[in-house]
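Shown here is one chain on its own, the form predicted on its own, set out as structure tokens.
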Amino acid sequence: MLLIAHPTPIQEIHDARLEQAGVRLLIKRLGLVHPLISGNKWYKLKYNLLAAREQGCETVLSFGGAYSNHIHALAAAGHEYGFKTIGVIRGEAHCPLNATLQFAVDHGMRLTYLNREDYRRKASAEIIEKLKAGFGYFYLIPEGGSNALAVKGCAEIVSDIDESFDVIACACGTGGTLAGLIAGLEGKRRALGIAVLKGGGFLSDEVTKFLQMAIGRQYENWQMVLDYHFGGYAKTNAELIAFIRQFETEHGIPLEQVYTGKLMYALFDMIARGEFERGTSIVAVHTGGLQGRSSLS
């Protein structure tokens, strides 16, 4: 099994708003790390798949919604590296399958469904035992792929940046990627997380938990920003859509409204508000999503 990433470029954004603020903005294009295992999902899965292989597991099971990029990436990774995969999907069975689930099935993933009440208890011993009874021995990866091994993988994103910078920023759905970035910084410079879901205050506790699990210590050089969720996970409005379209037209980088669009909107808004000192260099981690394509195209 060869878990080798493609080198991902850093692209500088040239924009009058940035020049006026005296801020440099660089985008780390993680969406180009692999054709199908997109962005931060590759880093989250890397050490989990190695652990599964070392433990002799032929099957990997994980959880996600019907449009989960994690489920998409796991199916692709299983197909690529010779694992059987099982996707436990929130809610009722979809017929016909949407594009995400059809891709998963086409790449060998077996789908099963949990009603929303049971899905909220998906980490309980009762649900896990039922899954084991139905599917046998499997390696379990949490929803979104975030665990201590995912933090270890995401920490490597920092070492793959060959530009000097002061701040590194990413969108946050579970907190695993941000925890990895913080671990990779080792207390130097600053990390910024943009929560993409409403009521995301709990994400700070999740980041703290992931750091303790992965490296056994905490850092203070990071912040979770809660003001750019646009109504909740996968929610949007005309202002965000207009920003995404303008950004893609001007800079040629695809965004989607779940993660990367909210990240870039937040950074431009915070820069306009003067929340970064002149001379600051920011790296925005473009985590891929929707396999690198704009959700608005």
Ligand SMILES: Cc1ncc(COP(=O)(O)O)c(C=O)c1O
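We number the residues from 1 along the sequence you see. Just so it is clear, the structure is predicted and the values come from calculations on it, not from any experiment.
There is also a form predicted in complex with this ligand; it is not shown, and the following applies to it.
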query	finding
This ligand in the model of the complex: contacting segment from 99 to 107, 81 to 89, 121 to 129, 169 to 177, heavy atom within 4.5 Å	169 to 177
Answer option from N48, Q257, N69, S62, heavy atom within 4.5 Å of this ligand in the model of the complex	N69
Contacts with this ligand in the model of the complex - residues in 17 to 52 whose heavy atoms fall within 4.5 Å	N40, K41, K44
